[in-house]
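Here's a solo chain for you in structure tokens, the form predicted alone.
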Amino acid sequence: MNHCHRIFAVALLALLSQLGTIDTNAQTGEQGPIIIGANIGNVPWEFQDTSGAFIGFEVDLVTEIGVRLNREIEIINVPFNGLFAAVQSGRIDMAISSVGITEKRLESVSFTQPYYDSDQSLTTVVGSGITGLNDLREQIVAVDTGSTGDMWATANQEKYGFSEIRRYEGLAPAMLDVVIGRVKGYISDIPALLYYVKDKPNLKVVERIPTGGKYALMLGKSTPLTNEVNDIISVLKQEGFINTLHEKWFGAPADPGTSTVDIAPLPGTSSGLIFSFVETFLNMDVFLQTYPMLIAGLLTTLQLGVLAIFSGLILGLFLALVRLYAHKSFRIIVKAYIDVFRSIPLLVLLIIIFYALPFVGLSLSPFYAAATALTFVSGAYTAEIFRAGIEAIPRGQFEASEALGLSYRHMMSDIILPQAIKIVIPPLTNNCINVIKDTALASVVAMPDLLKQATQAQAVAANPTPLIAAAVIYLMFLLPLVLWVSSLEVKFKVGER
């Protein structure tokens, strides 16, 4: 018993020592780093220099705030439309990326006082014939998903007659499509575009779009850090630090009376909404406002999925037959095709088709670029499924068909393929499910599928409810297929006994 008592005493002392250490750290006020989410590539606010280090106006600002708070700053790259959910979930403490203050966003997140006044702008290729918004009737325009430019373009689409608003994940892919000519103009923050085009003579900001936007740091709702950071911004304005940043990154001091110079009150709403799981993740008002976008995205997803599935089935069957029965040289080519397209990531192939092929004169829309990529990859997997099914047919079936004098076409269509299809139905259905799930990757090339519409809706509403709704919609369509495949597998196994 004495030995047991000694063990217990040692363990208790170790526990008390650990608790004492924790308490001491709490008393000294030591805190972890402030995690900053930023859409890297948003010049001149946050981007990377040649060494890979993060630089920019807002990077300098939050770095100085970290110094004043005596806390380290850790910046992570987050797509713009993902900043809102990241702040609300607590994955990041603060978001930068020229985030505009809106009343709708204030219902779900907090903002510091603004530090920059900005309008939107229209940028296009020199010599394109586009001199302003009025020249964009029946033309495609580019915006950043969920940005102020996106909200303005959506509200004014009917007025200016845009044929389509194509939504991108940042400046670089949007401007690439402008240069290619796939879209005629890019609507985004004027400071970023003026900075971006200053050394590109082929691009020009042709019109300023007054929106009265104000940029601020975005934090979680009712977090104490908001007041601390806001107080420091007031001090930095009084000291002229933020105006010095303006001169550093834009070449001149800010005008008197702007948010860069003047101290402003902390933005807020009269509702004083406190975090609630239901209000944050299952907000019925947000769902009712955004479900038309989700339904439109679902229809696009189903159209893309059905097209890719049928074209993949046809391509796969053709490849399987060629690999099994064609001349040796053709079999080698088909095998190489199957191996390559089963090895290359679908996302890489999609980006190559959408962004690289226009440089050799082949420019596809987001829908057909995604359909092409899905067909190529699905066809390779389907070919292997069909090959395995055909090879599973006993050799005697082939010999019996030949003995009956059946032609190759009749042997395959009447005898072999009907048996093979029964074998391959479960794996083919699994492949079809994967194709529908993979359609979500098309959102990276600005296709308005279900995921893209959901991310846009959550960015505009600053609420993750549309993402939850999109996940439920995927589940409603795909879960019955998964259960059906399971039942087929059981049925066929029973039939084999």
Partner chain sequence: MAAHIKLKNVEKHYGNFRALAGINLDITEGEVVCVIGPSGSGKSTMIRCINLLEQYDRTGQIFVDDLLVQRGKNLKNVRAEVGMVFQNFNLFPHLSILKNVMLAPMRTRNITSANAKKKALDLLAKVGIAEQADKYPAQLSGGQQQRVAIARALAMEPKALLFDEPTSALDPEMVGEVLEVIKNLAQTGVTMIVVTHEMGFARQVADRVIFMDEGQIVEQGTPSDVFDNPKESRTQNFLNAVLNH
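Residue numbers count along the first chain shown, from 1. The structure presented is a predicted model; accordingly, all values stated were derived computationally and were not measured.
FYI, the form predicted in complex with its partner chain isn't displayed, but the following is about it.
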{"property": "Partner contact for Thr300 in the predicted bound form: its partner chain, 4.5 angstroms, heavy atom", "result": "no"}
{"property": "4.5 angstroms heavy atom contact with its partner chain in the predicted bound form for Gly127", "result": "no"}
{"property": "Partner contact for Ser401 in the predicted bound form: its partner chain, 4.5 angstroms, heavy atom", "result": "yes"}
{"property": "Interface membership of Gln397, its partner chain in the predicted bound form, 4.5 Å heavy atom rule", "result": "yes"}
{"property": "Partner-contacting position among Ile352, Ile425, Leu406, Val340 - heavy atom within 4.5 Å of its partner chain in the predicted bound form", "result": "Leu406"}
{"property": "Interface residue in the predicted bound form among Pro345, Pro224, Pro265, Pro418, criterion: non-hydrogen atom within 4.5 angstroms of its partner chain", "result": "Pro418"}
{"property": "Interface stretch in the predicted bound form with its partner chain - options 240 to 248, 408 to 416, 192 to 200, 179 to 187, non-hydrogen atom within 4.5 Å", "result": "408 to 416"}
